[in-house]
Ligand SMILES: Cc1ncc(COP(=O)(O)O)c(C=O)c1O
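Below sits a lone chain in structure tokens, taken as the form predicted on its own.
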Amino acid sequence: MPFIPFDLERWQSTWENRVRYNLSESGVHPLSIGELLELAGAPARPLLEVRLGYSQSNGTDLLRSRIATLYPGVSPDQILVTTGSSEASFVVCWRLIEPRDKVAVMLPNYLQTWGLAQTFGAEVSGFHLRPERQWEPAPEEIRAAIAPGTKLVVVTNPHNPTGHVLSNDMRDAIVERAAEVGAWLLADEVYQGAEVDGRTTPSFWGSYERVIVVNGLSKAYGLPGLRIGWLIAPPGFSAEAWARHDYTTIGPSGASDHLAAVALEPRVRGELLARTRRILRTNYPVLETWLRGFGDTFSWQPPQAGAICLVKYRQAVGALDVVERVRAEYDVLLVPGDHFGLPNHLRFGYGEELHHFKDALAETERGLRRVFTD
């Protein structure tokens, strides 16, 4: 089978820890371990006493029970804790996709499942979020992409890279079409809880018996370094996903599992999400004012969720060239729209600490004005 490189992850992983200003990140500024424990009012001693052996490979009972409370009717046995939500999506694709299967993917998107499906030999079709529809898909395109015989449908909600939250009508249309053709529906909900207006996006869980949800602590919680994700699925599927997890990372680290359980204690979870939303509400107006300072160079729609803003620019220069010059000459990392299948677009992350974010924008402005005028 052809191997599809994951250009976005390679770009970020190569440079994100080598630049002075990282505006490629789609989550908020991460907490330190000390800040998390202080916010939780938790002592450090239990963490220091975590044995550096193998933890429970599907997640400890405490962690899975706290995740289960977030999804009505879910038991801890339906939850598999993974090394980030990316591993959760990987084991789902590994379990489901066989050569010549049909897979429908919401586009544009974080292209992990798009690449995996092709690597596993599937025929992949897309249904597109349309800027002229305020990033809603067209119902007729949903029906065409999710054709009879489709094995898997992949959605991201809230959405990356647009920050859009699907309307209830579009959610229903996707679920109804998946059910009509008997497809599994994989819902990536990792930005749930990072809504600017504070209204939590409803989960796809419970809308259909073949729904699988993946989520994690990276984006809405500001804890990407814990590398804790999870999937929720019907009991039989969860067991089969765990069997594949035995071949990948085996299990989460004990220290990460412990800190994840701290983060998902109900009071602490609420404070973490409130922190994220404060950062978004503080920083987005700064970014919007900055974008408007370029006149008619940029066009965009305000994101509803996530620390991400997708913008289109009018200059006739490739986004890959733009971001490479800004990185090499001004030490700022941006994401080119090409990594989402969107030429002449840039994705800005705006979840950094405010003073650092303002400094990053000032340097980015210098770089973009130079690139756009050369």
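Nothing here was measured: the structure is a model prediction, and the numbers come from that model. Counting begins at 1, following the sequence as shown.
Below, we refer to the form predicted together with this ligand, which is not included among the displayed structures.
Only one of T162, S85, N283, T150 lies close to this ligand in the predicted bound form, with a heavy atom inside 4.5 Å, and it is S85. Between this ligand and the residues Q192, Q304, T276, T156, the one pair within 4.5 Å by heavy atoms in the predicted bound form involves T156. Using a 4.5 Å cutoff between non-hydrogen atoms, R227 counts as a contact of this ligand in the predicted bound form.
When contacts are judged by a 4.5 Å heavy atom cut-off, Y110 counts as touching this ligand in the predicted bound form. Remark: S26 counts among the residues lining this ligand in the predicted bound form, judged by a heavy atom distance of 4.5 Å or less.
Heavy atoms within 4.5 Å of this ligand in the predicted bound form are found in exactly one of 97-105, 169-177, 184-192, 197-205, that being 184-192. Heavy atoms closer than or equal to 4.5 Å to this ligand in the predicted bound form belong, across 210-230, to the residues S218, K219, R227, ordered by sequence position.
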